[in-house]
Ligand SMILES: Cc1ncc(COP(=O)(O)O)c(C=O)c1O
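Shown here is one chain on its own, the form predicted on its own, set out as structure tokens.
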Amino acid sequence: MWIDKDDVIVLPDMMWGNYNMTFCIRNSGKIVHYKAYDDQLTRFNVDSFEEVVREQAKINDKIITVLNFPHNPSGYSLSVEEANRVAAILIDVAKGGTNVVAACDDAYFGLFFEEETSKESIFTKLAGADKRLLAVKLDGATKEDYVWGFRTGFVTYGILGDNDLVLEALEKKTAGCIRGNISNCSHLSQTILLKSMADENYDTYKQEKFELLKRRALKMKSVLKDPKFNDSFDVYPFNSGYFMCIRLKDVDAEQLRIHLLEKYGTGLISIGKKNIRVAFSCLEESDVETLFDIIVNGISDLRKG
């Protein structure tokens, strides 16, 4: 809805693949990447984000960015300090005269497993910050309520001021965009979700699933501390969501994916030449070490040719 032909969308070099189809193929936009993590894979690369945002703001009167935290595919969420800095950069660019659309893709919101992680959507820091900044919050019950495939989402806009005409226009244009693309969200999904949220045990059940995912994520962190993996891959930082990623040392990610599937019956996702995504959302704690041992075996197989 917000992208016109040749508009620039600033995104990390690791991103959900459907962004290409949605923004570029369907809307003729242009994606410009920043480096998501530093070379040592210790932190989110705010410096690269700032450099690219400010470069694009100098040559475009509008820039768009998608802030996807918890991040798909790496499973990382910003610290409080990082979130404050990212928000400050976008607000400053808007105040400098560039129109900014900041979409906060919060599909995995709430799945935060470490204390230092920011537990607040960056949307709250951007909404109403400047007249040239439109903040959009995107939530998805598909992930937040653990109902994969329901495909029910929520859109919240944050603008400066309280103009009824603007708000009405936003609502009508959003409804028109939905009708013109997917017709409507599944009524069955909406009905089931509404009834589940009204259940007196809703919070209890949701907390149970959160704790289950947290245990799996922490188990993965514990297993990956073993130095036996150091020669095969590096681990991207992860602290939230459903996934984590590894960076392979010297084998091709797609070749490894196919090899693991064909020889070991293990299904993973390859991203680019070097990255493999692992979904701990569907991995039992008892299988974590076994999985990474299988990955190492697959890497060894490919190294031997």
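This one's a predicted model, so the numbers in the text were calculated from it and none came from an experiment. The numbering used is simple: start at 1 and walk along the sequence shown.
Heads up, the form predicted together with this ligand isn't pictured, but that's what we're talking about next.
Interface residue among A127, I89, A103, A107, judged by heavy atoms within 4.5 Å of this ligand in the predicted complex: A107. When this ligand is considered in the predicted complex, only one residue from S79, Q190, N99, T142 comes within 4.5 Å through any heavy atom, namely T142.
Contact annotation: this ligand lies within 4.5 Å of heavy atoms from the stretch 143 to 151 in the predicted complex, the single such stretch among 81 to 89, 117 to 125, 143 to 151, 212 to 220.
Among heavy atoms of T65, none comes within 4.5 Å of this ligand in the predicted complex.
At the 4.5 Å threshold, heavy atoms of S232 stay clear of this ligand in the predicted complex, well away from it. Contacts to this ligand in the predicted complex (heavy atom within 4.5 Å) from stretch 15 to 42: W16, Y19.
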